[in-house]
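Quick heads-up: it's one chain on its own, the form predicted alone, in structure tokens.
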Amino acid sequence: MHYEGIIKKYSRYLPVSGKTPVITLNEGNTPLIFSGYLSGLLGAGFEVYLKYEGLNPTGSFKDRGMTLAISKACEEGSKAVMCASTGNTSASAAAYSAKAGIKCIVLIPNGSIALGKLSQAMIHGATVLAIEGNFDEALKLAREITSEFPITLVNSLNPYRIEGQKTGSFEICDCLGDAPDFHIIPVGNAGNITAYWKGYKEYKQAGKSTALPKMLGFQAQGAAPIVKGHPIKHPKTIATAIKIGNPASWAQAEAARDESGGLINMVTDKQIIEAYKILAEKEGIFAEPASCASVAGLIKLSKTGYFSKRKAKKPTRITCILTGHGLKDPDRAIKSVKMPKVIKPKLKLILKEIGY
């Protein structure tokens, strides 16, 4: 059967009706990849899976929420949408708005958005404005404008975004046959950890799973307001997608942590880059730096013995969410590896370089 996106697949769990125009790019249905390397790192009795959200249509998990946000905006007669973005939201909003034939306006923090993401928003025809300020200031302006003018806000403050993003939980449960024991996820604006927890609870209530995972969120050390207990006025991290100093879904993220018996911690940029390279070199997966906060968190917790305290008769299953594709930020990849060696076009020279 032809796959037609998350709204068609999970309509019974979503706030849609026969009157909802479905604006889709066939998002969702992303692979859950077993990681032999990371499983081995934790030892016998552990299974680590990577939910590769970078294989969504615009290259990030944002598409799950955006298909619903744009569909509902169209149902309500909206002719324009707006978002503040560090990149992925703008790319997704622009693409789905183009599909719907409505106007998209994007506010980005000047100099803090990866070119791969900026190029997407622009090629899809969005009106992109770079403001002299950070993401939090851009979001404040977007909220003010959309509250006064007939423009729909499509940041994660829009409840339909959370509704769409929760389908990631459904897919994980469908694939594993139940919920995992631990769910590890990057935390920026905190909408995604909120959405996944909501999804897990709903699936269990519907009898589609028998358990709930512990939610383990990770922020970048230079942008870790939840961990530090106060907003960060000038967040700093190479992981631009989670470079947010005052998360819109802060309270909901803490609720997910507390209700699940999990934690929200932080990892350094160095740990993020190490995880970034491990995924690429050991698993063949190219994920953007912010995505790798989940794997960096897994490695950090494994070194502290966090998982070894668990005793279970069956394998302990852990899912790490990889939120976006590595091609979102090609400059970071180039900076993280050695540049190609330049040699003369001689057969003997090439054979010597490759060890033959």
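Note that residue numbering begins at 1 and tracks the sequence as displayed. Since this is a predicted model, take the numbers as computed values, not measurements.
Heads up, the form predicted in complex with a small molecule isn't pictured, but that's what we're talking about next.
Engineer: Contact between Met215 and the small molecule in the model of the complex at 4.5 Å, heavy atoms?
Structural biologist: Met215: no contact with the small molecule in the model of the complex.
Engineer: Indicate whether the small molecule has at least one heavy atom within 4.5 Å of a heavy atom of Gly324 in the model of the complex.
Structural biologist: Judged by the heavy-atom cut-off of 4.5 Å, Gly324 is in contact with the small molecule in the model of the complex.
Engineer: In the model of the complex, does Pro180 come within 4.5 Å of the small molecule, counting heavy atoms only?
Structural biologist: Pro180: no contact with the small molecule in the model of the complex.
Engineer: Is there a non-hydrogen atom of Gly168 within 4.5 angstroms of a non-hydrogen atom of the small molecule in the model of the complex?
Structural biologist: Judged by the heavy-atom cut-off of 4.5 Å, Gly168 is well away from the small molecule in the model of the complex.
Engineer: With the small molecule left out of view, choose which of Ile272, Ala256, Ala93, Ala241 has a non-hydrogen atom within 4.5 angstroms of it in the model of the complex.
Structural biologist: Contact residue from the list: Ala241.
Engineer: Which one, 122-130, 188-196, 172-180, 272-280, holds residues whose non-hydrogen atoms are within 4.5 Å of the small molecule in the model of the complex?
Structural biologist: Among the listed stretches, the partner-contacting one is 188-196.
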